[in-house]
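To begin, one chain is listed below as structure tokens, in the form predicted on its own.
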């Protein structure tokens, strides 16, 4: 792992070869190890370690970046020369700001030795314990257990130095029965938080419970969404919580900041320092990440800003920019949706007739300005009647507006760190909504 001292040494060497007005160094990478299993057998174990070095040079209002994965002196000379040549060929950017100087960062602790030093044997033991549960249930297991650590450093010629190191472990498990499937997944910086056996039991229960799924008519139903399903839906809207998106008028929040768009019970923050969040306390420009009150009791309150978009809007920096140059602007990356104290069992018990959704996939935007999404359910979809899960049902395709969805939330669980199919991990609750539009049953 490249430590802060080594980053300083590399940057000092780079500066010897740079004639630019300003020079920036990004270094990122780490280790990643994965054990994969299918058909109740471990069939793959891979491990890799790699790092990339990226240099940005500025000449007046011109800037460009070049990247290499080689760290010898000749490669450092070459990447500086490439960045310099590219920068001189660019059109001037009248909004380009000087690089920021030194910053103060709030510390975060997201590095765990148990994750960083996990061996292939440890991952295999976890996978085997889960596979044995599938075998006892006469089901077939497939999935992955991965561990790794990553570092990210940013240094510039104005004296800024930022460094982050963190670990991540993830377990994903799919159980397949003759006519149904079940799924469970967890990600965390600390491998010791993951219990593969418990997750396998959950997936196997879902598969057994949804056996021989029946078809019911499409339509609007009261729907209970797992945290993973909530995550994959709402994840589509946060790129619009951006000063640049508002400036470009390319999102559903255009002209609506300050309005009450969602239900009174919906409050959303962006908090890089939340106990269940991960990632660096600084953005791609080296600015400290600020906590944002994105939505308060249904009202859109704050947006994420990069340095450039903040200056244009005349607002304070929020620390949400990406590395320059980029066309993405910025958006919040540490989403926390406030929940309540209801369990999914309580949501089921309170439902006269509805649908319980374990997971969603193949989600796409139909209308980015109205935030209408389409997609399908998978790995356990159930009919709920008279406060009980009755049986599995055929998977549905859906068509739903996120604005309507977040106006229809009746009950929520305690928020948890969740990982899904489409979006980056978030801290979200399960939700019971009064209406969700299922348009047709799928063929499987």
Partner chain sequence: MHDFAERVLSLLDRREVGYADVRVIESRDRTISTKNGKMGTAASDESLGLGVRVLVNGCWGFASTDDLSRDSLAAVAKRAVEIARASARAKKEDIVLADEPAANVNWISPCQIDPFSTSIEANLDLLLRADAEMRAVQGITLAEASLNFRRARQLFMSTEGSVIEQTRVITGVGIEAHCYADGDIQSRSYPNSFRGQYQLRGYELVGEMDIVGNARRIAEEAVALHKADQCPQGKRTLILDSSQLGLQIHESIGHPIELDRVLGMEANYAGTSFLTLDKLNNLKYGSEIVNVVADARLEHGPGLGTFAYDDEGVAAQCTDIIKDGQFRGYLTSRETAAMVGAKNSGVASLRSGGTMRAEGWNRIPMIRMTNISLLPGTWKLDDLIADTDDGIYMETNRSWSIDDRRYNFQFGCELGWEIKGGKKVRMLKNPSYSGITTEFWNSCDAICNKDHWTLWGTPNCGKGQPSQTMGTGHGAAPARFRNVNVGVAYGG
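Since the model is a prediction, treat every value here as computed from it, not as a measurement. Positions refer to the first chain, counted from 1.
Another form exists, predicted in complex with the partner chain; not displayed. Remarks below refer to it.
Residue 128 is the only one of 261, 128, 317, 160 with a heavy atom lying within 4.5 Å of the partner chain in the predicted bound form.
Just one of 132, 138, 297, 353 comes within 4.5 Å of the partner chain in the predicted bound form, counting any heavy atom, and that one is 132.
Using a 4.5 Å heavy atom cutoff, none of 165, 188 and 265 lies near the partner chain in the predicted bound form. With a 4.5 Å cutoff on heavy atoms, residue 250 counts as touching the partner chain in the predicted bound form. Within this chain, residue 142 lines the site of the partner chain in the predicted bound form, having a heavy atom no more than 4.5 Å away. Heavy atoms of residue 392 never reach within 4.5 Å of the partner chain in the predicted bound form, leaving it off the interface.
Taking the partner from the other structure, the partner chain in the predicted bound form has a heavy atom within 4.5 Å of a heavy atom of residue 361. The stretch from 340 to 348, 297 to 305, 272 to 280, 143 to 151 that comes within 4.5 Å of the partner chain in the predicted bound form, counting heavy atoms only, is 143 to 151. With contact defined as any non-hydrogen atom lying within 4.5 angstroms of the partner chain in the predicted bound form, the contacting residues in 93 to 109 are 93, 95, given in sequence order.
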